[in-house]
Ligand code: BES
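A single chain, nothing else alongside it, follows as structure tokens in the form predicted on its own.
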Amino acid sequence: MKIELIEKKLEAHATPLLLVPVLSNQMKFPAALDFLEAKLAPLPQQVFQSGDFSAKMNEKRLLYTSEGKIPRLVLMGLGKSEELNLEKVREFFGACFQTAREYRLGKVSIYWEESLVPEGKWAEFLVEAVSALEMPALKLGEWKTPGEDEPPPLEQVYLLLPDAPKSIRAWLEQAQKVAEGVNLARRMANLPANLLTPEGFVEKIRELKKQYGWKLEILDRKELEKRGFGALLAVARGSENPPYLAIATYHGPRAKKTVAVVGKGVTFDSGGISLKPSKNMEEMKYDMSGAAVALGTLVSVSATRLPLNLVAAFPLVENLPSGKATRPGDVVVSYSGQSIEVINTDAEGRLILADALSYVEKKYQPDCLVDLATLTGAVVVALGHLAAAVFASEEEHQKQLQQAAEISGERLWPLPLWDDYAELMKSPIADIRNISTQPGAGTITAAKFLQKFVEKTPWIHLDIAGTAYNMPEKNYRPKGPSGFGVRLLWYWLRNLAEKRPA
């Protein structure tokens, strides 16, 4: 999608459809479009006074015009001015995309003005507005034969911003690059497991390395065995597809901080010998969503040239049963040297993350270590599909992430890391077991397991099992993979790099 700014000479602009926001408590037509007002039928004031258009969120009213360059205009409800926030921005621009599809148009224009930018945050407004346009535009069903009545793709959007600041073009370019990272994560997560194996994920990283100039370290099975990645290898043992640990590093300009992001990359999770039920097992292609989000974040950070160093690690495996697969009751030795009793082979994500976290901390020595994972079904029981669980070893980092979450709308809910929960992970024959001795608190005990493999680096864990897919549909967020975490982490990393207070 091409997004172009129109800042001056609005009267000279031509478009098949112009979308204009209207606040429900300020029913008025924009002064910057007064050249058009008298040419509309019915007149905007007639619409406002009629009572059949109240400008509630997602309410629309079509007007025709005698102005040849702009034949149609739609008044788009934006709700009350005091309720205007970035979520309303996302809903509005998502509605703009859906309206373009409704009218079967490949090109539309959207009017916006400074008074409608929440708290004057132009950069954040543009990231959220552009993402809300780009996310539903991504076609995820490319293997499905299109129907004859399929609307044309929305290829061109003009943003009419008559009073935008001078930095607007740089911010728009930045916004488009962040949105590209979000859609990359969604596209990767949506790929079927026969098309995206661990090796296929590595090939995608190599392809992107050419574009962004990352330093790359790829550990294959032979290297993983040589260096003692026993936990990661235990998960991959049952599959014919070989495992990898891929690590890509971006070096930002004038960087003083290094942050590492580790994403769980189980390209398909059958549960292994502890086989999952067949119902909905096809969704287990999404078990690499953490890795997809880490890759999308790396792309967004690299493309926007944030002034920090970012290490992105991708432990990549497929978890299948076979005669070679790890059994319940087996003991494996992790990269850190700690032994793990495998009680349930379906608690595999924490095993590959344990080795990746230990290795990244030891070799890359980041200032902060973050992992993202579709780790537990328990988090869906606790929070549903509306929020991710966050654990942080330092409260300041948790506050900073919450600040970023308020901007991106990707909600987080903190859970405790009390040592009492670690007691539930003790094994009589190994240093730790991979699931709790008791039912309940599964999200917390999984986090406590991971914490055991981070020695001293400030650490954050995000359990995104409920938000990586199956989030409630909105006009800007279609069914399927959500890309949850890319914008969240990008804002957080931007704030860290720019030393913005929490």
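Note that this is a predicted model, so its numbers are computed, not measured. So that there is no doubt, residue numbering starts at 1 and follows the sequence shown.
We do not show the form predicted in complex with the ligand, though everything after this point is about it.
Q: Heavy atoms, 4.5 Å, the ligand in the predicted bound form: which of 279-287, 113-121, 391-399, 363-371 makes the cut? Say which one.
A: Stretch 279-287 is the one.
Q: Given the ligand in the predicted bound form, answer whether the residues N344, E348 and G377 all have a heavy atom inside 4.5 Å of it.
A: Every residue of the spot touches the ligand in the predicted bound form.
Q. Should A465 be counted as a contact of the ligand in the predicted bound form, where contact means heavy atoms within 4.5 Å?
A. Heavy-atom contact with the ligand at 4.5 Å: present for A465.
Q) Does any heavy atom of F53 come within 4.5 Å of a heavy atom of the ligand in the predicted bound form? A) The answer is no: F53 has no heavy atom within 4.5 Å of the ligand.
Q. Is the gap between I435 and the ligand in the predicted bound form 4.5 Å or less for some heavy atom pair?
A. Looking in the predicted bound form, residue contacts with the ligand include I435, since a heavy atom lies within 4.5 Å.
Q.
Is Y469 near the ligand? Define near as a heavy atom within 4.5 Å, in the predicted bound form.
A. Yes, Y469 lies within 4.5 Å of the ligand in the predicted bound form.
**Q.** Listed residue that, although the ligand is not shown, lies within 4.5 Å of it in the predicted bound form (heavy atoms), from E410, D269, D355, E128
**A.** Partner contact (heavy atom, 4.5 Å) among the options: D269.
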